[in-house]
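Next up: a single chain in structure tokens, the form predicted on its own.
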Amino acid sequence: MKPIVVVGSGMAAYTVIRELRKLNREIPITLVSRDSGDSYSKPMLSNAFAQKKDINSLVQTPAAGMAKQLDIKLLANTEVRSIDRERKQLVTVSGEIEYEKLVLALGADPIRIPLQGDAAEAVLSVNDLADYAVFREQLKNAKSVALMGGGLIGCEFANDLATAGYAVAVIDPSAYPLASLMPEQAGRQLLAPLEKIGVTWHFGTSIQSMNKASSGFTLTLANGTILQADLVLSAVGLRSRIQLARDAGLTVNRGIVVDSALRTNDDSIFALGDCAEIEGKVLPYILPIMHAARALAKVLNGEVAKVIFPAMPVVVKAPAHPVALSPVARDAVGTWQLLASGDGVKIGFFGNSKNLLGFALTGEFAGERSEMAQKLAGT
């Protein structure tokens, strides 16, 4: 019997296997990982430093333990070169692997912004344990960090590093923090609390060039501002890994295109997690991954199922000023309305029929996310 083959070893990959094992202990499963295959929580990477966590303490279960626990064949450090859809085979650096069904949980890569200057290649990003190890090592000799990006991950890193005693400069072309996720009145709530712990903000601009200095780097911003930093970290976003799927003739857009059953245009191939575009949406958050994994496990077990996403609040790990939000669809029609203010704000996005379509909660109101999620779901 040919196995179900899962490519990837992140949260999406291990969650769908775990859910499938709840339904069926007999189906052979092979996991193919280009790294060690150790299980860890990727969201922890952006707030691990202040907690003094190294890569060993971030690993929840080593690869061998996952293989035993889930009763799977695990191929670590194995790069996939191509997918032979006709023969239903993966072509890897270690040879061919046959599959009955194939699950792509490839994740995403950090977006790299091209910079001028002789130190442009020194920009770091943290997208996995290996990246975090490099980042942590370089922080040993640093006192100041320049952060490219004031979005969710950028704010989490800024809070974490400032809490650990680093001087942090955040540079973002938007007008305020978390601009792609919530309105200005909510985003600006983060400014003063994070400034208080050592964060400086540079909005409406970007890094134009990065050059080596006698100590660290000299950064020239598009607005003419000159900054000095010992280390530069990019947190401007992720791009779904779609090249393997594209080369195999699968339909891709911003992600690998799948339907509500997580199926691609090939009935034997599925995708989920950061690499997947589910009915037009790329949802790089924990809760969507969990719901998609449960639905896909049923499909892989031969059942008829589809993923239905409930209201799924997103929590920004910024203890200096807590934030919880439910992002609004890009094509949503409506207006943001202030519902309450104090040490933070409660703001809702209401459609033309006065129905709640999204919200942003900061400060003292962040704890109301469950209540607002219920209103969002209409319960």
Ligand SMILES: Cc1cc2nc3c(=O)[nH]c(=O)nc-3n(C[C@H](O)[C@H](O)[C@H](O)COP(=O)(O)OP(=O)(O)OC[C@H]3O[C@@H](n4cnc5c(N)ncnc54)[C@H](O)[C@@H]3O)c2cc1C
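The first residue of the shown sequence is 1; numbering continues from there. Just so we're clear, the structure is a prediction, and the values are computed from it rather than from any experiment.
Just so it is clear, the following notes concern the form predicted in complex with the named molecule, a form of the same protein that is not shown.
> Can you pick out, from I347, A48, V32, I29, the residue that has a heavy atom within 4.5 Å of the named molecule in the model of the complex?
It is V32 that has a heavy atom within 4.5 Å of the partner.
> So which of S206, T163, S174, T78 reaches within 4.5 angstroms of the named molecule in the model of the complex, heavy atom to heavy atom?
Contact check passes for T78.
> Within 4.5 Å of the named molecule in the model of the complex, do we find a heavy atom from each of R21, Y99 and A297?
No: no residue has a heavy atom within 4.5 Å of the partner.
> 216-224, 301-309, 247-255, 150-158: which one contacts the named molecule in the model of the complex at 4.5 Å, heavy atom to heavy atom?
Heavy-atom contact with the partner occurs in 150-158.
> Looking in the model of the complex, any heavy atom of F135 within 4.5 Å of the named molecule?
Answer no; every heavy atom of F135 is more than 4.5 Å from the named molecule in the model of the complex.
> Does G107 reach the named molecule in the model of the complex if we count a contact as any heavy atom within 4.5 Å?
Yes, contact at 4.5 Å.
> Please determine whether G10 contacts the named molecule in the model of the complex, using a 4.5 Å cut-off between heavy atoms.
The answer is yes: G10 has a heavy atom within 4.5 Å of the named molecule.
> Please tell me whether any heavy atom belonging to A67 falls inside 4.5 Å of a heavy atom of the named molecule, as the geometry stands in the model of the complex.
The answer is no: A67 has no heavy atom within 4.5 Å of the named molecule.
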